[in-house]
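So this first bit is one chain, no partners, the form predicted alone, shown in structure tokens.
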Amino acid sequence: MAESFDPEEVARFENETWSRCAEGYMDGFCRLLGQGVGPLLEAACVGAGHRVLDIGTGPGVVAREAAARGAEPVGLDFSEPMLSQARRLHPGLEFRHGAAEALPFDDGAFDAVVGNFVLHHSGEPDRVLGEAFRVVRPGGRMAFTVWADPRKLEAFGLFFSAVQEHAGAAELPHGPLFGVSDFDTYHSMARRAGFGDSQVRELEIAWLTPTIDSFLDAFRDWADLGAFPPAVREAIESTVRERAEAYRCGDGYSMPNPAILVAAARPAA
């Protein structure tokens, strides 16, 4: 993993970016990220009566699905706009503000800790896993999803190749797990945090959408396309629409963007 990153800069960038995406998240990124929820909860063995911490809850999709399984979820996020969406959409669930690197919970407070596409957004992922270990009870489980090999991320590539073509590549702040797809890295991280019985596998998921408009809307917020010159913005969007036709499937679009699922258990006392 690369070491040339600033955790505080990463945190500022991620908070600003995802706060900007909060209002349109459900119609945009959730069409892709939501596909990781079921496998994530299954890997953490979430069931009825379990107290579950959902790190990086965003608008509360994982927490909602955990509750549907009979669990008692607590969603945590560092973005107030995301938490506002979560509380609006799921008024009966508990959501807390806080950082994944310093969880505001007692030791052993949860039966499971999960994070859907959040670990690679942290500048200190080892610290996140260490905190997950601290707050999960002995015998409890953790599960996190991250993105697979960047060369396989066709949905993301569709947008970023258009940006590079018309606006040039941008060097964005990032943490040490961006672009890391080596399974051994994740097994080692789990062991360093104290977990055992780690399991790492790839999830074949795709961005499924009936229209390319919601896909563009999501990235328009994420990349702050409104800050681009109008001609550049229009060229980017036109190129995305044209190339998206290669992913047309029936009445919509299916753009592959696989993930990696990491799960492990805290040894029983």
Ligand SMILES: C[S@@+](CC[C@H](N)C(=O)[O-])C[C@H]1O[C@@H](n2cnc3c(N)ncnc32)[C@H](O)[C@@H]1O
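Keep in mind the model is a prediction, meaning the values are calculated, not measured. The first residue of the sequence shown is number 1, and the count goes up from there.
Below, we turn to the form predicted together with the named molecule, even though it does not appear here.
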*Using heavy atoms and a 4.5 Å cut-off, decide whether 18, 77 and 117 all contact the named molecule in the predicted complex.*
yes
*Report yes if any heavy atom of residue 253 sits within 4.5 Å of a heavy atom of the named molecule in the predicted complex; otherwise report no.*
no
_Taking any heavy atom pair closer than or equal to 4.5 Å as contact, tell me whether residue 62 reaches the named molecule in the predicted complex._
yes
_the named molecule contact at residue 98 in the predicted complex, heavy atom, 4.5 Å_ = yes
*Quick one: is residue 28 in contact with the named molecule in the predicted complex, heavy atoms, 4.5 Å cut-off?*
no
*Quick one: of 225, 244, 33, 67, which gets a non-hydrogen atom within 4.5 angstroms of the named molecule in the predicted complex?*
33
*Where, among 54 to 62, 41 to 49, 207 to 215, 236 to 244, do residues come within 4.5 Å of the named molecule in the predicted complex by heavy atom distance?*
54 to 62
_For the stretch 82 to 97, I need every residue with any heavy atom inside 4.5 Å of the named molecule in the predicted complex, listed N to C._
82
